[in-house]
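One protein chain, two forms: both are listed below as structure tokens, the first as structure 1 and the second as structure 2.
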Structure 1
Amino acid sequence: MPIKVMKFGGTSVATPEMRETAAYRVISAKEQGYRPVVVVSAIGRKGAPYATDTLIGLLREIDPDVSPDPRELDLIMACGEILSAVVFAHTLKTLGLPARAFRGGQAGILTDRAFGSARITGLDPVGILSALEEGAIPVVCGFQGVYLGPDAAPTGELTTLGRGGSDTTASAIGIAVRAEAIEIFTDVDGVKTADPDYVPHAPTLSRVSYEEVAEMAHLGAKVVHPRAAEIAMRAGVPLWIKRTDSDDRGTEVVSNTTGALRNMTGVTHTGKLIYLQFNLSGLTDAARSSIQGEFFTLLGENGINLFMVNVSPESAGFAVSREQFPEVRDLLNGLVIPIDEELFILQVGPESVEVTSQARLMARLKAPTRIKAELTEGCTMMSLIGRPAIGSPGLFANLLQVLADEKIPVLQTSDSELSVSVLIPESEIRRAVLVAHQRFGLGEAN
């Protein structure tokens, strides 16, 4: 009998009624001749008593100024899925189906040691397969695994897989047990062409490629996690995104060779960013290169994440998250860079005490050249996804024209094989998504 992995998200297991609906999905799969393997997220979303954020809050409220240890944070976060798996397994039992709950480690999910964002390094599904052999339905905790390295505790360290980890769990198990399909049940009809909060009538895509859905997810679509799509793609296991309480077909995610023909697949948005643009005009190639090398080194050493990097003979620019910006400013503002006989001093944003006092001190040696960075706060990234359209003549012209018609400024662009992204003011994102969806014909996508 073929195996089917069925993953239920937080809202799908939020209430006894929703759990029963989900359980009937499992019963239905069994009646169709499948052996189901269930993966569950924590019960409910933010604010719910057993949701991941609530559990983290239990630690944070003790003293908001003391950060919990990542190891302890993983232990408490994992409780949400453990509780959910046990409750769901018992729900199945009450409906007459033998079921067995598994923690991630018990399900054989091995990870690296990165608490909070672990990656799966191996999966030995012997426990899941034994349960299936015995006629029980395995109910696996999503989002978690175990690290068994030499520096772990003798029985291993519990780890969590990061945001969207339960989808990743479902795909990894699907491959390990050679499932015929992986189904992700959620509270939307499938993969939409845009965020339905911004485009209420955004159509649901009936079929999409693994690469397209992973790209959409990387660039902000929340319906499925990109790691889940990437894992399923490697083994070619069909992935379905469906609504738990609906019999609609949902979205089938398959290899790109069998994907639907269309120019554009979707429009997404993500990020709360600040864009820094350094004016490097008038500098020699060598000086420009040295200055860029210096600040990228400093940012790298301090774990700063960058987006939409650009270098040109006139300037260098990049975006950073709003969260990391204060650290970036502390690192770069007033930084003195000596190159040969010259002194350069960085100024991030308007003139500040740090820069003026540094410049005054340096002037005793030699008057430094100021390198000013213009700041644009409150930015976000909007992306168009669609392999056929990327690289076609006129795409940039059309995209910039669509936004210019709406008087939405574009600060920077970046693109990949599957997408083109623009950095725009966050205050304009709703309008930008709506108009891009309309002007690029996404309302007719299927």
Structure 2
Amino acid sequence: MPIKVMKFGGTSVATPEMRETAAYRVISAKEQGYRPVVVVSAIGRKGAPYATDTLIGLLREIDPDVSPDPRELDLIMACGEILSAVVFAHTLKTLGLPARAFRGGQAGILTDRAFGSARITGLDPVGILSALEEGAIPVVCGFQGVYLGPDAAPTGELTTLGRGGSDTTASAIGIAVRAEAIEIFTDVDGVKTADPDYVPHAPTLSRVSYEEVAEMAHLGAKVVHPRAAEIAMRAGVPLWIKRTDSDDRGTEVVSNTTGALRNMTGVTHTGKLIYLQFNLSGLTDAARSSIQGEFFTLLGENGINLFMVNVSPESAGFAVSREQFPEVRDLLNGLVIPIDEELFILQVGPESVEVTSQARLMARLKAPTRIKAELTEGCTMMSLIGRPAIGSPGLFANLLQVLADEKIPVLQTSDSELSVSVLIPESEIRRAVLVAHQRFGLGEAN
């Protein structure tokens, strides 16, 4: 019998009624001749007693000035999925189906040791396959795995995969058990052409490529984690995005080898951003290259997500989320970079005690050159996605004209093979998304 992986998000298991609806989805799959493997997220969203953010809050509220240890933070965050898996497995049992709950490690998910943002390094699904052979439905905790390195505890260190990790769990398991399909159940009908909170009548796409859905997720759409799409794409496993409490077909995510599916796929937007523009004018090519390499490497090593990266002979710029900006400032502000016999010091925003102190200390050796970053706050990014349209002449000009007609200022631009993006004031994002959706014909997508 073919295997189908079915992942249910936090809202899909938030109440007894929703869990029962999800359970009947599993029963339906079994009646259709599939052997279901279920992956679940933590119950509910922020504010719910067992939601991930609620569990994090239990530690942070003890003393807001003391950051929790990443290892202990992973342990408490993993409790949400463990509780969810046990409750959902028991729900299936009450409906007459044998089921067995698995922690990520028990399901065979191995990761690196990057607590809070671990990557899957291997997956041995022997426990899952054994349960299936015995006629039981495995219910696996999403978002987690174990690290079994030489310095780990004998039973393995529990790790979490970062936000959206349950989607990644589902895709990884789907490949490991050679599933016929992976279904991601959520609280929307599928992949839409725009955020329905901004465009209430945005249509649901019937089909979209792995590359497009990953690009949409990277650029702000929250329907599926980009890593999940990328994993499924590598193995060519069909991926579906569906609504838990609806019989609608949802969105099928397919290989791009099927050809162009439509002219334009969608319009996305990120959250609140801060744009940093470092002034590199007057530097030698070697110094400019070294400075850029130092701070981009440092940000990457610390898991900082960058948007709108822009490099020129005169400057280097990028945007970061408002949530990550304090960490970026701590990493870069006052950072001293020695290059040959020169010293350079980074200054993020107005002069601070950190920069002044560092500059005074360094001056005993040699006066450092300050590299200042100008900050643009209160901004966000809007992107148009779609391979055929992005390659067409004049698209960028058309987008800029549309925004100019609406008197929406554009602060910065960037593009890729699949998207064009503009940085605009946060106050204008709703109007910009709506007008872009209308003017580029996204209401007619299918």
Partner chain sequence: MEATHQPSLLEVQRGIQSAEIRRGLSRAHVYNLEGDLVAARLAVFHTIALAGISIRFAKLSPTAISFLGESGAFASLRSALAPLNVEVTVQDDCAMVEVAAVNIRDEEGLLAQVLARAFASGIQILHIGDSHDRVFFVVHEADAERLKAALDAAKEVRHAD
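Here, rigid core means the biggest group of C-alpha atoms that superpose within 1.5 Å across both forms. Not measured: the values here are computed from a predicted model. Residue indices: 1-based, along structure 1.
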Seminar exercise, completed: In this pair, it is the form predicted alone that is given as structure 2
Seminar exercise, completed: At the hinge separating the two rigid parts between structures 1 and 2 sits, of Glu323, Glu180, Thr270, Ala404, the option Thr270
Seminar exercise, completed: A C-alpha superposition of the larger rigid part shows the smaller one rotated between structures 1 and 2 by a count of degrees equal to 21
Problem set entry | Shift in Å of the C-alpha at Glu294 between structures 1 and 2 after core superposition | 8.2
Exercise. For Tyr275, what C-alpha shift in Å results between structures 1 and 2 following superposition on the rigid core?
Worked result: 2.7
